[in-house]
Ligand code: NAD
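What follows is a single chain, given as structure tokens, in the form predicted on its own.
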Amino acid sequence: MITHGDRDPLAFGDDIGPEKIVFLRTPSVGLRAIVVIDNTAAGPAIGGARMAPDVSALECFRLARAMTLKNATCGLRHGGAKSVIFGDPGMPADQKEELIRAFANAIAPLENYIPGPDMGTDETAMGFVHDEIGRAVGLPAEIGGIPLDQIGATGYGVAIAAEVAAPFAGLTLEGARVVLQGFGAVGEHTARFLELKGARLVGVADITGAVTDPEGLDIDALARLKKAGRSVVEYPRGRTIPNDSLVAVPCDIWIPAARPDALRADNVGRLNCRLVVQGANVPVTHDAARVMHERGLISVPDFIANAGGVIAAAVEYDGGVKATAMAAIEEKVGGNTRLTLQHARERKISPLEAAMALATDRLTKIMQLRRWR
């Protein structure tokens, strides 16, 4: 049984994984972290190292399982894993470097786990990890990496997924109104790539609050605010609203690009859009996915839409370059989005069910080919 839901692996688990759950602690530097290696049937597991003050083993597992499904669906020679580091990503730079280097040394024995950047970490952090143990992806370009956040790999994939999915929702990107929950590395690049395709951003949120303008928000102005360490609510035009009101802003495409469980049973009914493209990992609960399907909303699941980052990471790991990575993202994310939505329509099932069937089929074949236990 392959799951992508909210069950606790510590109590249940399944025949896919997790293979290993490791709790890390280095008291001398205040390191507390969790690593979940979910499945390595396809090869060493790639998965981001997330830093946040409020993480858990369950969240780490759910993210690792999403990576297993994502990597299998994209035909990558990598399994799925994830790590979470307890801490404030905005801590002083020298303190953060010390913590990241301690984390790198703590995961050194986990040779089948290859970390990459995630929320709260970036290519500089991965440079520190690589310096310590020689094993990381999403590295700075100066040391031969494909800096995933700098090129906007995940955001590019989300934009490709939106472009492919739009006709299934009766839309075109030209003139489409977009709302983004989250304006970090994924959200900002998603907005920019969609703007190049003719869409306009009409709502955006960060941890502080949200701002909307039906005439369109200036992405460069928002980016300048974020670069200065300020919030999108300081945007000089538009209307400021509470974070929980963003879900109801009228739009064509609603994109969760922040933390897990953004769309839940208690708020999904307020959506006022035709298409949801899941830019974050596990941003939609199973109950919310069911409600969207019942309402006739098209939703592209996370492990289909946001695979751009790990595709680029796999290309980097194999010695490839940016152009190769971007072409692979367009091919794999676009192809999987189209296949998922076609199967959902033909079989009269939800996109999540169609995506899970696609991932299950590919992962089962991988497991049959490899001696992985």
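Counting begins at 1, following the sequence as shown. In this text the structure is predicted, and so the values were computed from the model without any measurement.
One more form of this protein should be noted, the form predicted together with the named molecule, which is absent from this view; the next part is about it.
Counting only non-hydrogen atoms, choose the one of 161 to 169, 91 to 99, 146 to 154, 127 to 135 that falls within 4.5 Å of the named molecule in the predicted complex. Comparing against the named molecule in the predicted complex, the contact stretch is 146 to 154.
Residue among Ile207, Ala141, Leu196, Ala223 with a heavy atom within 4.5 Å of the named molecule in the predicted complex: The residue from Ile207, Ala141, Leu196, Ala223 that makes the contact is Ile207.
In the predicted complex, does Thr340 come within 4.5 Å of the named molecule, counting heavy atoms only? Contact with the named molecule, no.
Taking the named molecule as it sits in the predicted complex, is Arg65 in contact with it (heavy atom to heavy atom, 4.5 Å or less)? Judged by the heavy-atom cut-off of 4.5 Å, Arg65 is well away from the named molecule in the predicted complex.
When the contact criterion is heavy atoms within 4.5 Å, does Phe183 count as touching the named molecule in the predicted complex? Yes, Phe183 is a contact residue.
At the 4.5 Å heavy atom threshold, is Gly47 in contact with the named molecule in the predicted complex? Gly47: no, not in contact with the named molecule in the predicted complex.
Are there residues in 233 to 267 with a heavy atom within 4.5 Å of the named molecule in the predicted complex, and which are they, in order? Heavy-atom contacts within 4.5 Å come from Asn243, Ala257, Ala258, Arg259.
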